[in-house]
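Presented as structure tokens, the chain that follows is alone, the form predicted alone.
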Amino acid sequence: MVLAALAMSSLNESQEPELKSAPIEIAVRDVTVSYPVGKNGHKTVLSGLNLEIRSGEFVAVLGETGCGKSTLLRMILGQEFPTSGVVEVDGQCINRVDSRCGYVPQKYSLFPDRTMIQNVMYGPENAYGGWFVRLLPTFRKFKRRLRGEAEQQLLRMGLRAGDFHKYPHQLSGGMQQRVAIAQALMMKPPVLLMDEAFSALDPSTRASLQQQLRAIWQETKPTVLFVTHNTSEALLLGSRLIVLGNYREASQKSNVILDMQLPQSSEPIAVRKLSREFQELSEFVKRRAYGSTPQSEPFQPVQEISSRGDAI
């Protein structure tokens, strides 16, 4: 039998050439973000941040409250701008809200006066053209095709056809968040930004959405930035982990505490999280993030062998 740890290692090695040859989708170059505080002071959230994220990566971002995780997402989306430095998506400097980025916030933001299917169709329908264009026969054909795509996207997120005509107030929190993700994916964005998207959900719904998001990423490979406070969630979903720390003093060179590639596996999330290697990785990240592990120490998993000689 091949050890599970060795299988993960060989899978990582097979992905490395593909990853290194992928174009840089997101570039954060020497970015600093400061806010005025009081009359003369200021608060620095991010300082000298440099990141390159390649097309198709699933980057999980961990960090303490106030370390700049959400600020980073808002800058990539174009809702906020750095005090100094540059943020680029697909080689272009971000100077306004960027339609190449889909965004799913912690609190689902659906239109209350639109049904589930109408919410999902809204983005592409609104981008199609002005009112004159909508009077043409081609628009009716487009709308029929769009409806079919919206229905498939909702079914893919685990929603039932019988619920498509319900309004947001008739849906549970988990259902609303599934609609919000489908809404973002309908625009076929090359970049998907998710800010604590699952944190308000119950454990069962959260686990289901984690599995569905992972499957969507494996199938279509958008570039994903997934902000979370949950270490296990970050390690189970991401292909790469970035841990940000709070900026404290001018002597701190960067907010990045840890930046590492994560082991990949075809096993279901519920199985992976029980493995010995996953538990070791989780402990390593927690120690590294909170300062009890030397910053230069790499992750070295211990291979666990069962009494039958099989890897657990």
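All values derive from a computational prediction rather than experimental measurement. Counting begins at 1, following the sequence as shown.
Quick note: we don't show the form predicted in complex with a small molecule, though the next part is all about it.
At least one heavy atom of Ser70 is located within 4.5 Å of the small molecule in the predicted complex.
Contact check for Arg74: a heavy atom falls within 4.5 Å of the small molecule in the predicted complex. By the criterion of a heavy atom within 4.5 Å, Gly48 is excluded from the residues contacting the small molecule in the predicted complex.
Taking the partner from the other structure, the small molecule in the predicted complex has a heavy atom within 4.5 Å of a heavy atom of Glu64. Look at 40-48, 24-32, 278-286, 261-269: in the predicted complex, residues with non-hydrogen atoms within 4.5 angstroms of the small molecule sit in 40-48.
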